[in-house]
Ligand SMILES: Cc1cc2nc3c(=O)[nH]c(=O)nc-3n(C[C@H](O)[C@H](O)[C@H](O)COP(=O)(O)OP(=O)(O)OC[C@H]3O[C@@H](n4cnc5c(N)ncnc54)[C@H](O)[C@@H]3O)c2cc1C
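As structure tokens, one chain now follows by itself in the form predicted alone.
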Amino acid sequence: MTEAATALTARNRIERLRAQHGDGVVVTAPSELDYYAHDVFSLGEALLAVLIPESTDQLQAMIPELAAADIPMIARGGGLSYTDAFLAARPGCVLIDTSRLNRILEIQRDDRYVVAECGVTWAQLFEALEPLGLRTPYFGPLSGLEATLGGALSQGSVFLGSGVHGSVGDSVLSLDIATVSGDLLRTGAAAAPRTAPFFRYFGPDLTGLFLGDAGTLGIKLRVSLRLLEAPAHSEYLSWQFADAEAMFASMAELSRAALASECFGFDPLLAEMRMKRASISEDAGTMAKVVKRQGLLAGAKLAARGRGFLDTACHSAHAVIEADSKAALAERVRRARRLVRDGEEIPGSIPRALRGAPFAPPNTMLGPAGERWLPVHGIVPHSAARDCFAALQTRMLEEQACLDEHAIRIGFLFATVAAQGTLIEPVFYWPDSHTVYHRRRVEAGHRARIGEPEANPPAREQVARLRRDMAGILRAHGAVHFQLGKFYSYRAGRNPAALALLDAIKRELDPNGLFNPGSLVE
């Protein structure tokens, strides 16, 4: 079949699906296709259509229809990637927006698991579990107001709960996957007859195959996650440090002792960018949420401290300490303070505000003066964090003339992951115009307040180059990455036997390479 004939067959198949399911499910409007072709930073190839299925059954019925016409498919969760994860690497792909697959199907208090469709957001799940005094061990990224369970499972994710419980995959018990034939593939103990999705292991761990797969092996429909009793008491601690080395040492101590549910830090520039935003005491939305979750006294403390507690010339670390009793909390706080030897303790307003409003609108994808925002990240062993950060700083010094010429600024976010790892995330800010993606995702009132710089293609080009350089430095220091998408290197230097196994699984599950082509190939 010629290329033109193949394209005609694909368009005819889309028209047939649209006639069957309606314009609200099969979307072909040019303005919508343009929006869906963007992520935080990049623009992918032109899309053939966007599917927004209303049920998992409907999605399973459409997948083999698309496959029969050799139409590539890309699953999209909350759409908050900055690594080309859901962008089409070639023209003619169909994007599957899973946002309507958003039912929480079962909350099993006795057996401590929850089953949900993969379009459920982390905020939605948290809010359903909170009145029951339950939560998942890892309970979401900061983008969890819009980020979905399926997106995190496909791309990997850390933050809330990660200081003790690791990444999203460490909380997963089982998955339901739609294969390219539309069949249901179930993993975990739930794959056995008459067995609830209460346990992950029953023979080889097939669940792990689909975690961090960038959506290349199948489309995630449902997930079972572990539940635990939400700790009843919490305290919020912060310190500032004269240098990064002292900060890394203290964060690693807290991590190894499993004391902080979240332990994160800022370099001076990222602290400055945070403090340039409206004062915590002026943010009525955050304040209301802090009062609701933590009480009037906590809200009053937060308001009284304003922004003046943090010296933006210092590195800072912030920790959320939790326990089931006041006595246990007091002991954990004492231990944390003993472990942080070289930091000056400051009010814990930043972690308190974060927990008061853990899921905020994605307004932080623009800087306080309307600048564009773009992260890159890696997770290294604690012992490698200092040298890795030093190498990144050396690269910045080498590029200082370029940074100054284009008004590019680079800050750093740090966080611990379970007992073993430190996340290092360089964050780029530069003056540049906003895309259709920013105009839809960032709240209109916020965009009006911060303004929009003029288009700046030269700076954008330099940011793309420097981001790739920094990803290379991170890998050279043994970093691993989430959001593999089509940006980070996955295959280079990897064990050949492991790659051969992955490729064999891909051929078995998706012989024509129709699921998210272009991912995990570099």
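Model, not experiment: these values are computed from the prediction. Heads up: residue numbers just count along the shown sequence, starting at 1.
One more form of this protein should be noted, the form predicted in complex with the named molecule, which is absent from this view; the next part is about it.
Heavy atom within 4.5 Å of the named molecule in the model of the complex: which of A260, A214, L227, I410? So the residue touching the named molecule in the model of the complex, by this definition, is A214.
Among F202, F126, Y82, F198, which has at least one heavy atom within 4.5 Å of the named molecule in the model of the complex? That would be Y82.
Is it the case that G77, C118 and I219 all touch the named molecule in the model of the complex, with a non-hydrogen atom of each within 4.5 angstroms? Looking in the model of the complex, the three residues G77, C118 and I219 all sit within 4.5 Å of the named molecule (heavy atoms).
Report the stretch among 264-272, 229-237, 157-165, 245-253 that approaches the named molecule in the model of the complex to within 4.5 Å, counting heavy atoms only. Heavy-atom contact with the partner occurs in 157-165.
Is P141 a contact residue for the named molecule in the model of the complex, using a 4.5 Å heavy atom cut-off? Residue-level check for P141: yes, a contact with the named molecule.
With the cut-off set at 4.5 Å between non-hydrogen atoms, does G348 touch the named molecule in the model of the complex? Contact check for G348: no, nothing within 4.5 Å of the named molecule in the model of the complex.
Is there any non-hydrogen atom of A147 lying within 4.5 Å of the named molecule in the model of the complex? So A147 counts as contacting the named molecule.
Although the named molecule is absent from this view, report whether A152 comes within 4.5 Å of it in the model of the complex, heavy atoms only. Contact with the named molecule, yes.
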